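Take a look at this one chain, the form predicted on its own, written out in structure tokens.
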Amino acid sequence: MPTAPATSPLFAIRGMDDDRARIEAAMRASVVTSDPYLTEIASHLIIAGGKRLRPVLAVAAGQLAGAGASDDVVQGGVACELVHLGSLYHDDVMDEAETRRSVETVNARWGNLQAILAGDFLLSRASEIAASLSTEVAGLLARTIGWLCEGQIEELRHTYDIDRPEESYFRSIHGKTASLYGTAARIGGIVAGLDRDRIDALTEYGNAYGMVFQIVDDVLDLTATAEQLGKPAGHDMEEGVYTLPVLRTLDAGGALADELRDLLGSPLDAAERDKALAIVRAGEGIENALVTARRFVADADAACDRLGDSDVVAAMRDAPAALLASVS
């Protein structure tokens, strides 16, 4: 799914091309085992590619120390990305997904049991890397895995809930998405030895960036084409996951809200999904959700005010707005 633009201002930071190559090499090396079969399964989504925004953010944070990112900073970012990938292995099992990143999912190719265990393996490797950096980093990553689980549970408990409170949505996307961006930025700052105020500011920045990221992703699920998404638009609604634009459409009241409320609350067939999608697109819920995303862009910008004045900070300021521009 199109979760972010193909490029990001973060990629333009000086030396980032080399750092992204270091990240990629470290990612692949991190899952090599004595068992070629496990190595193949654990490497599957790594080889499929990705923008690696979480380790890129960790590296950007590390560069604020005034030098190039150390190997330990790269490893901290890799640990975060492995947590993300492990969660994707598990998500694909829960969703019974057949493709991701234009390749077969692990569960589709090797089965659910292998996918679950390979996801567990990725989480264990992430934890091992974090422990090699410091007890603080290890504890932070462990807590973040807990936040991911809490966010997923929050989403599941409100599946097909047309009265889902917005607070539930925000708790869920903070846990599932934003917390890992906040942790990636924080780990980069910790490992680079930054002062605590800048470490806290990096955390706030990462959390805000992640909130923008997920709201944009949820809007794209409703506005992008099936070709862009690799699946029919409105898939979240079809699966009973009611995101911010949908909740805002329901809360607006009026004929559109009533019509949508009559459709939702249970699984949709293709015709019902397309009708619900047309209703949401015709209302103001999408624009209202983007207004909220702009507030998180402002939060990220405010966090940058505490990070000094450098080319790295300038790129960080631009990155959340670039996400928003991809749907505005």
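Nothing here was measured: the structure is a model prediction, and the numbers come from that model. The first residue of the shown sequence is 1; numbering continues from there.
Missing here is the form predicted in complex with geranylgeranyl diphosphate; even so, the following discussion is about that form.
Participant: Given that geranylgeranyl diphosphate is not shown alongside this chain, does M94 nevertheless sit within 4.5 Å of it in the predicted complex, heavy atom to heavy atom?
Facilitator: Looking in the predicted complex, residue contacts with geranylgeranyl diphosphate include M94, since a heavy atom lies within 4.5 Å.
Participant: Heavy atom to heavy atom, is R261 within 4.5 Å of geranylgeranyl diphosphate in the predicted complex?
Facilitator: R261 lies outside the contact set for geranylgeranyl diphosphate.
Participant: How about Y242: is it within 4.5 Å of geranylgeranyl diphosphate in the predicted complex, going by heavy atoms?
Facilitator: Y242: no contact with geranylgeranyl diphosphate in the predicted complex.
Participant: Please run the contact check for S87 against geranylgeranyl diphosphate in the predicted complex: heavy atoms, 4.5 angstroms, yes or no?
Facilitator: Yes - in the predicted complex, heavy atoms of S87 and geranylgeranyl diphosphate come within 4.5 Å of each other.
Participant: Out of the stretches listed (246-254, 103-111, 221-229, 207-215), which one is close to geranylgeranyl diphosphate in the predicted complex, meaning heavy atoms within 4.5 Å?
Facilitator: Going by heavy atoms within 4.5 Å, the stretch is 207-215.
Participant: Considering R198, H158, K176, R125, which brings a non-hydrogen atom within 4.5 Å of geranylgeranyl diphosphate in the predicted complex?
Facilitator: Checking each option against geranylgeranyl diphosphate in the predicted complex, the one that comes within 4.5 Å is K176.
Participant: Name the residue from V74, L133, L148, A192 that puts a heavy atom within 4.5 Å of geranylgeranyl diphosphate in the predicted complex.
Facilitator: Of the listed residues, the single hit is L148.
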